[in-house]
Every structure is written in C-alpha cells, then in structure tokens.
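Shown next as structure tokens: one chain only, the form predicted on its own.
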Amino acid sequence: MKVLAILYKGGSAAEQEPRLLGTIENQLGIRDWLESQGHTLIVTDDKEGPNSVFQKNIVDADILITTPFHPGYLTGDLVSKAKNLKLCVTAGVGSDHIDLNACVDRKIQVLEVTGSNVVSVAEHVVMSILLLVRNFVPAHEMIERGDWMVSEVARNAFDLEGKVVGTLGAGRIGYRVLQRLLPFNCKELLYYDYAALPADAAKAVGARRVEDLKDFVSQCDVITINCPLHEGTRGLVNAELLKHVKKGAWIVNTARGAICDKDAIAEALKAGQINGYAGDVWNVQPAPKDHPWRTMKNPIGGGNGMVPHYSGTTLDAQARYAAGTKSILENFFNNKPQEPANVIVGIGKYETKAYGQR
C-alpha cells in the first residue's frame, strides 16, 4: 500500500535528537517496518496548494498519516480525489483537520491515538494558567532587557489560590486539568460540557457543572478550553460570548485555535476585557507571521502566553503516539479490530461523540 505521512520539519534538532519521532526526518520510526512488508512510505511537510507533495500524492494514497501539529488539511474536495484512500490516522489527538463527514460518506476510516498526549497537554494548561496569572512573560522579558522594576510586573501578578477556574470541556484532558489544579486550593472548580461527569469523578475533583455557557464564563477567573473542534464549537468563543466573560479573566486554549475568534480575542485583550490569553493552537498552522495572536497585549503590555503547537508533542508524547500509530497500522494490515477509543469514523459512520452530539 501507499502510505502518505504529513509531518513537521525537524531540521538539525531532529538529526541531533532521534526521539523527535513526529518529524519528517525520523518518520515516526516506521519506515523500515513498512518497507520490509512491501509498503511505500512518502513523508513530507509540503502540504499547501495543488502542487504540494501532499495534494499530488493523496490522489492514489491508501493511507494518510498526519499530526495535529503540522496538519495536512484533508478537505472534502481532496477526499473526492483520493480514490484509493481507506484509512486516515492522526498521530496524536484531534482529527478536525479531516473532513469527517466526507470520510463517513466515502467509508474511509479515521483513527487517532487517543490518550497519547493527554497528560502532556494537561501539564501545559497548568503551566499556561500560572504564567498568565503570575504575569511571568513580562517579568522574564524585563530581565532579558537588563531592567529591574518589580512594581511594573507585580502590579498584574496574582495567586491562583482563591480563584475560580473552569474548563470548557471535561473529557480526558479537561478532567486531568481539574485533577492537577486541586493542590492550588482554588476557590472553586467548574466545568461546562454537554455530558455531565460521572458523580464519583465530579466528587473526586470537587467540580461543579454549569449548564449555561454565558453563566459559566461569567463566573470564571480562569477559563481553560479543552474541547474538540467541530461544527458546534467552531467560533464558540466570539465577541458576543466575550462580553459575558468576567472582566480581567484569563483564557487558556490548548484545544484548537478555531474554537476562538482570533480577532475578537485580540480585541478583548487589547481592551482589557480579558487580562491574558495563552495557548499553543492557532486557527491556521503554521500561523502566518502577521497573525494578531503573535503580538497582542493587554493595556499594560502583558497577557500573551502564545507558543507554537507543541503541548502534545513532548518527547514522551511522541513515543506514545508513534507506537499508537504503528499499532493502528498493524491492526489494519492484519484485519484485526482497532482499540474502540481510537476510532473516530468507522466504516460509514461515526464511532464517537467527541466531535459533537450525533
């Protein structure tokens, strides 16, 4: 079979660090294994436009592998051209770069390595919350400039203890964020999700469910976004919702950039409606150099905790999602059943509610 993998360029870092498995250089560690069985593997980071390696090769590829960190966007139009495509594998978590409805219609399976990076992302969320609340970035930038004016950074630095923190989405990642926040003695932990947590799980983290989204955001000092991107969540955090956010709140988004309206977020931060925004996901990846989230600031010059999309691609996570990708391929080649939790789209139907209620 022809396997097409869209990965990210590692450069000298990938040459120096072979554990960077998600790169075009190290190729998820599967080339020798695939070729030993007679399969062909094409690996590239060239994914934009009709002349890209991605679009030229998708037309006769049997399997597509891509990561959320440098995604190959498989649109409905490309699905219609991919006459041989049978399986799409996300090496990681999150398959919103794929037109899932088109795959349902074409009976193309879509799988991801569920759970492979949930700990990695949850840790990044907690780090991001702290760097916003403690006003860390401006303090570090001050030191780099050679300055020392404690008052300039301390005037917007707070404790996490005593704050209300809420997660928009309480699935595998959102719940782990709540678990990790327990030692900080927050005033209250909230969650908003169309599905209620099991009673024992909610009790274990002391989390209260808020069923109205506007009510939820109005109560939170910190909002962390941990839900998948689909028709029901695209643009969910927009200018109208931001009016209901508690003034001066902080928002952390490690889910998907397109859940938030990029211009509305930038304007809310500039106006001081929110005090900070951090995350590693962007509505287009790689983000263009003029993307407003690269440079946006609050009125006193802080509040930006944006980084490239790497929270779920630590070396530990890469080992997990590379192994999970190989396992999915082995099952597929040998006609063995897949791990149910990994299946997003089965043969002609959704197998999960993670991408909205269906």
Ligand code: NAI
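Please read all numbers here as calculations on a predicted model, not as lab measurements. Start at 1 and count along the sequence shown; that's the residue number.
Only in words, not in the display: the form predicted together with this ligand, which the text now covers.
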**Asked** For the chain seen here without its partner, which of 73-81, 263-271, 219-227, 198-206 has a heavy atom within 4.5 Å of this ligand in the predicted complex?
**Response** 219-227
**Item:** Contact residue in the predicted complex, chosen from K246, R106, K163, R172 - any heavy atom within 4.5 Å of this ligand
**Value:** R172
**Prompt:** Which residue, L168, L111, I129, V237, has a heavy atom that falls within 4.5 Å of this ligand in the predicted complex?
**Reply:** L168
**Prompt:** Does F158 make contact with this ligand in the predicted complex, using a 4.5 Å heavy atom cut-off?
**Reply:** no
**Request:** Check whether S311 has any heavy atom within 4.5 Å of a heavy atom of this ligand in the predicted complex, and answer yes or no.
**Result:** yes
**Asked** Does any heavy atom of D99 come within 4.5 Å of a heavy atom of this ligand in the predicted complex?
**Response** no
**Prompt:** Looking in the predicted complex, any heavy atom of G94 within 4.5 Å of this ligand?
**Reply:** yes
**Request:** Could you list which residues of 273-287 come within 4.5 Å of this ligand in the predicted complex, counting heavy atoms only?
**Result:** D280, V281
